[in-house]
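What follows is one chain in structure tokens, specifically the form predicted alone.
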Amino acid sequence: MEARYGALEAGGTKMVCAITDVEGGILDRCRIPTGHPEDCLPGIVDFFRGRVDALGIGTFGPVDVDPDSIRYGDIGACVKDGWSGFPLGRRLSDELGVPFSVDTDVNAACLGECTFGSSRGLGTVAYITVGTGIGVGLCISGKPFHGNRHPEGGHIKVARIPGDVMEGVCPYHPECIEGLASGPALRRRFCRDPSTVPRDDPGWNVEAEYLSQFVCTCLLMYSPDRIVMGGGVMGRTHLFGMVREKAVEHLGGYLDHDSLDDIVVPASLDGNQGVLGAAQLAIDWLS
């Protein structure tokens, strides 16, 4: 019988569960609200039980991604109720009786784009998500990059725009990119749901300025072939042109980029990049 792969995209607001084949075809899926772990895990276990041969997990962090660690797959200190120290990977593996592989949500999304999306075959790809939080994942030659732990790019400091006095939403860093440009930051900036704000509102120029600084940091740090941008905020597609233009201005000709149209691009998998990347983690584990 052909192997079946479980994929869990563990996000701050929802858990996306899917079962795939080795080609990344999604055979079944469900969504479960992210609440306290003891509230949402039973539904996850019920969905996967007896149906998969391995489980791949792409999760919010911080998370232990060292396979040799006794805490591999455990969630680190975070603000979500009940999740700090929770052994997500081991708990699911024990209850399902299958092996697991875990990575950050952004690395999983990057892996999905590199394996099944428009960035397939590229050497170095960065994936930036702009939503409830901001994070960056990196794949080199199709493999996720970790470093000593895993990158936390959302907490990189950006230069404040003169006159921008909004208090950042990050409880750790008042001027990091997540604190000033994430979805909750936009809600504070606009005093309403950002999805209802017209594209000509000057607040979008502020958002594009901060995101363009972050894009420049990624270009200068990683020299990627492509930067894929996803997440709910990037559903406001007018931001792409603004971010590209401002990033070129910030670079000042240093990297010889006249345009970033082919480098800074939208996600290509209809929102499935995270769950498909999680599936690939499971596929790679059994390979």
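Residue indices: 1-based, along the sequence shown. Keep in mind that this is a model prediction, so the values were computed, not measured.
The next section is about a form of this same protein that is not shown, the form predicted in complex with another copy of the chain.
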One residue of 218, 233, 54, 57 in contact with another copy of the chain, assessed in the model of the complex (non-hydrogen atom, 4.5 angstroms): 218
Within 4.5 Å, heavy atoms only, which of 26, 32, 45, 255 is in contact with another copy of the chain in the model of the complex? 255
With another copy of the chain left out here, work out from 109-117, 96-104, 78-86, 172-180 which stretch has heavy atoms within 4.5 Å of it in the model of the complex. 172-180
I'd like to know whether residue 164 contacts another copy of the chain in the model of the complex, with contact meaning heavy atoms within 4.5 angstroms. no
Would you classify residue 145 as touching another copy of the chain in the model of the complex, given a 4.5 Å non-hydrogen atom cut-off? yes
Residue 150 versus another copy of the chain, in the model of the complex: is there a non-hydrogen atom within 4.5 Å? yes
4.5 Å heavy atom contact, residue 222 and another copy of the chain in the model of the complex: yes
Under the 4.5 Å heavy atom criterion, name the residues of 153-185 that approach another copy of the chain in the model of the complex, in sequence order. 153, 155, 156, 157, 158, 159, 172, 173
